[in-house]
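Presented as structure tokens, the chain that follows is alone, the form predicted alone.
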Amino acid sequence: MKHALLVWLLLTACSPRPSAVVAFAADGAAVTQLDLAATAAPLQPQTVTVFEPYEQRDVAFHALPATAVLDAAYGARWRKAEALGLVALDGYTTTVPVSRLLSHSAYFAISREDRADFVLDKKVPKPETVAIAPVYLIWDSAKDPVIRAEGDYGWPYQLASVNLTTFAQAFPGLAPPALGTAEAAEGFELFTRYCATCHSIDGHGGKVGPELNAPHNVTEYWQPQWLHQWIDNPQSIRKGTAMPGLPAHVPERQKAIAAVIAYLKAMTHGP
């Protein structure tokens, strides 16, 4: 009853702010939609200052705690889910682990404190001003060094919908075998976050770097110790390579590299 009343208040409360409507779904099925600019207590926006990765400076936003918004939309069940699929108005999609939201402070920003228009002055890849309404997912990068080190990972703007999902559903062409090991599953999550933007598995993924599984898996022609070192520090093997290596801030980094290799092995086509 309290949950239903909260949702009703979120949908009907009046506010002078522009609307910030976000649709919420689970496994692709609609759950609800909330106007985050028309909220009632306890979901009142607060001023949050973060180190903004696109502008590379401290910026203050009016924002609502992501955990509170997700509780209002889904109840407690989202906390046991694997991932959130975040979709922008232009179709851009990113997938964020639920564990990241539970271990770091995130907010749904609906306006800026320093200017009336809800935009970002991006510096890379080229200077441009972009509209970020209706909602911008931000993180407490001013106080959290791990989040700050990750740059703009998980900061989608023009956010229009959220979907509770799994990594296998979000990346069906990259998912390891269902009976694979826990280490390979961990490596799958790491691969989708840090590697799939450049590398592909059987054609699924990025096109900047080489394909890693067709016609042969990279673990079949790289010796294990050299592959581990390549992921860890590419420059130590090939001077001038564009390969960045696994980011330095990744927790238990050597274990993480081993998990990525376990995932790659799990994807091999075999003899």
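Numbers follow the displayed sequence, beginning with 1. Because the structure is a prediction, the values reported are computed rather than measured.
In what follows, reference is made to the form predicted in complex with a small molecule, a form of this protein that is not presented.
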Problem - Single option in A68, V208, A30, A60 placed near the small molecule in the predicted bound form, where near means a heavy atom within 4.5 Å - result: V208
Handout entry: Answer option from V218, V48, L43, A38, heavy atom within 4.5 Å of the small molecule in the predicted bound form
Key = V218
Practice task
Would you please decide whether C198 lies within 4.5 angstroms of the small molecule in the predicted bound form, comparing each non-hydrogen atom pair?
Solution key: yes
Exercise for the section: Indicate whether W222 is a 4.5 Å heavy atom neighbour of the small molecule in the predicted bound form. Expected result: yes
Problem - Heavy atom of A214 within 4.5 Å of the small molecule in the predicted bound form - result: no
Exercise for the section: Answer with yes or no whether W78 is in contact with the small molecule in the predicted bound form, where contact means some heavy atom within 4.5 Å. Expected result: no
